Each structure stands twice: as structure tokens, then as C-alpha cells.
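Before any questions on binding or motion, here is one chain by itself as C-alpha cells, the form predicted alone.
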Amino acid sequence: MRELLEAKRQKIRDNNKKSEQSQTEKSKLSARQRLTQLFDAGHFMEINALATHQCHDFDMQEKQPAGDGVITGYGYVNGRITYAYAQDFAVIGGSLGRMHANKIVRVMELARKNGAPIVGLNDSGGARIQEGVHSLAGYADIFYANTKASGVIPQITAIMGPCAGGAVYSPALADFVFMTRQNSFMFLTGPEVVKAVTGEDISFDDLGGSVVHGSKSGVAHFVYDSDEDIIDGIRQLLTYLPQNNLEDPPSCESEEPPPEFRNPVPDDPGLPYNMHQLIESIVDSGSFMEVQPEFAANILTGFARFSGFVTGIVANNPSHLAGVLDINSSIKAARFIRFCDAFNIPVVSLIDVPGFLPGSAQEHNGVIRNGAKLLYAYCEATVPKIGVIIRKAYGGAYCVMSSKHVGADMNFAWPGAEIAVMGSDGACNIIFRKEIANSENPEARRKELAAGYREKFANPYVAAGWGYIDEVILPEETRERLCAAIAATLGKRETNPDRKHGNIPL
């Protein structure tokens, strides 16, 4: 009996060596190596290692590798229980059949039932054609498991090779998607099908590579250069996340404050600046981990710590499209806010927004519908919400970006902040159009009227007088006020109306 078990284990070890050799030739880690790096040393426990497929068509009975092309199990990552699976491209191309899918579904269900994150390392040629509808059923079972786990446990997927056809929908249902810069791609239909149907000649990378999904489609949240970098990134991301929706995110008392505050905002309100610099000057030193950095750069999202408390950050970025809201930035921020809300992570909004991007392209592609997603996300979120108006908040964008009126708990503004329906110049062009046109010096009169408008309406003191702003603060006081506000609102208890679910404008 012992001899038989040892023989089967030795066969698994031999298969692992073959996989390592095959993947090394492609500058990739094997499935086993990826899991070894993901989990704390010596803390990965494999399950269903001896499972094999049950297909006997097309001579498949002669190819029955133990594990059926996917390694599943659990262990400790950063000292906390995590479940994971890793597809092995060196075994039947990592193709997904019935047993392969069963293993993935089982480890996902174990993660959900036990309240721990699930990490999927994808590297697969797609559905196993030899198993027909059983492969399709397997994919659908995985999608169902993804959906049931959504908002219950963090779901992280890494694309570390090909991911095509129906296989792309499991990553799409996950919370965060990682891709390698060179070896990974995702698409529903490959270049050959695209050319046959549309006549378009396009490469794998141009159709569904990491650059496309990291900067254009928004499918990928993180893009790294190598397998090793991806896994380090996953381990870092997990340090910000709670185990499940019933826990708070992990706090850290040893976080260091940032270096001396340096205000990157120029005196001229018309000049751009890099919001990254402001974020780095107010969060705990080195704690900002940006999410989707290359997609919709006019808004920044990411995790950081304030005095050790994990916080989600949403910030307009004036260095890109003046920080305006548009379709992609609205979707990006809305999804991030909803994740934070699902997992008890406070949201800090740094606001410097001139409004929504005008133009027929935006209107025709649904900026109203998509902008409403961001509005809905802020209104729906019951976690602590804190906003700081840095320089301007105009029109509907003021309402949307974590205003008091959509449920923000604390709202601050810098002394030079302008809060109005629109900028003072534009407002005066409408209100005083005839007066400006009939004056002896229209430009001088416009500037005079604009200055008066700013003094009377477009400043934070009017909003503060109505209680829409809780406090006007100096720039160098921002970190102190945010740390205090986060600590003061961590005990927030608020629930939405009793309902099956709301109807977000998808």
C-alpha cells in the first residue's frame, strides 16, 4: 500500500520536473513554482492531487496525468489563510475539462465557506475540445462560483499565459486581474477568427495583450514584467484586504508618516499638477498601491494607509484631461468604490474636478448612463466616506464626487477651493453676457465680474456656511484631518433599505 502511494507521488514529482523544464524554455514559472512563491515557505497544502479526467474518447484514456492540469490547495500568505489554484500549461495545454473544472470549483467553494481569499493563476489553452459540453459546463460552474463569492471574499486572478474564449469570464468576474507584460493575453475570439469574420489582420498582443487591457479596455488592474513580479504584487495587494466581508482590513501600527509635506498644487488654478505627489505626501510613507494606473488616468484609484488604517483613495488627476470625469473614469472609480464598500474599506476622495467631459462622442457612448454608475456607487456605499476639495468642484461633478449630499461623512476644503455650478469665467459669460458685450472694455469687465463672482459664490466659505463643508483646512493640515476623520468614522454603522438589490445603471 505504501509503495503504491509513493509511486503515485513520484509520478507527480516527475510531472512537476517536466513542467518546470517546459515553462523555463518560455521564460515562465511552472504552476508549482508559482504557488511555491505565492505562499509562505512550506505552507501550501495541495488537495485533489490524484484526480484525473474520465474522458475515453479520442484516445484520451492514454493521457491521464494526475491532477488533470491544475494544482489546487490552501495555505498561508503573509500569515493568513488563502486558497488558490494554478493551471499547468505543460499538461494537456492547461485545457479545462470536467475534472479540471471540478477541482477549481471545489477550492473556490472552500474559500467562500471558510471566509478566505481565492487566488487563481491562469495559464490555459481553453476548453478541452475532446470533452465537448462537459468543458463548457465546467466553465459555467466556475462562473457561478465566482458570482456567489463576489462581495463575500476577495477574488484575485492572474493571467500568466493564454486566456481565450469563455475562459475570460472568470477573470472578468474577479475583483482584480493581473497580467504579465510579455506572455499573457485575453480575448473572446482570436486573431484568426477576427480576420475571417471582419477581414482585420491583428496580432495576439494588439488584440488582447497586457498593454491593451491595462490601458484601453480596463480589464487588467495590474501589469507586471514577469511571473515573479506578479506574484509579489498579489502578496502585496493581499496585505490591504480583509479575509472576507465580515472582517475589517488589517491595520498596521508601525506605518511611518510621509516626509515633510510639499504642496504640488500651483498657485495658478489653470496649471496642472500630478495628484500622485499629493497622495504620497499625505499617506503613510510608501503605502500607496495604485489600481489600474494606466487606464483612465484622469482619475486615480488605489489603496493606502493613514496611521496604519487601510483606506481606498479616489482622486481626480489634473495632469490628465484636467482631471475631468468621463465614461472610463466613472466606471473605473465606481467599481473600485463598490469593492471598498463590500469589504469595509473607508474611501477618501481627493477632489479637483472641472466637470464631465463634453462632446458628442461621450454623449453618444453613454456618459449619462456611465457617469450615473459613479454617482450610484458613492450613494450606495455605507463605509466611511471622506472628501477633500483641493482646488475646484464644478457642476454635477461636485455632486458626484463624495459630496455631503450623496452621503459623505466628513468634507473638507482647502482655502482656495472653488465650489460652483461652473467656473467663474463661464458663469459670468452667461449671467452678464449683455453687460460684458455692451461695456467699453469687454475683457476687463469680464475679469472684474469674474473676480466678484468668485468672491461671492465660488469659494469654500459659502459651502461651509451651509454646512456642506465641515472645515476649511490648510494644505499642510490635510493628513492630520484625514487621519482623525478616518479614526472617528471607523465605527460607522449604516445599512441600505431592505431589498433584494438595487438596480445600478449597468
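From 1 onward, residues are counted along the sequence shown. What you see is a predicted model; the values in this text were computed from it and never measured.
Only in words, not in the display: the form predicted together with a small molecule, which the text now covers.
- Note on the interface: of 131-139, 210-218, 237-245, 273-281, the segment with non-hydrogen atoms within 4.5 angstroms of the small molecule in the model of the complex is 131-139.
- Proximity to the small molecule in the model of the complex, taken as a non-hydrogen atom within 4.5 angstroms, holds for one residue of Val348, Leu300, Ile345, Ala127, which is Ala127.
- Interface residue among Gly166, Pro293, Pro250, Gly75, judged by heavy atoms within 4.5 Å of the small molecule in the model of the complex: Gly166.
- Contact annotation for the candidate site: Trp414, Trp466 and Thr478 all lie away from the small molecule in the model of the complex (no heavy atom within 4.5 Å).
- By the criterion of a heavy atom within 4.5 Å, Pro318 is excluded from the residues contacting the small molecule in the model of the complex.
- In the model of the complex, the small molecule sits within 4.5 Å of a heavy atom of Pro162.
- The closest heavy atom approach of Gly93 to the small molecule in the model of the complex falls within 4.5 Å.
- The closest heavy atom approach of Tyr378 to the small molecule in the model of the complex falls outside 4.5 Å.
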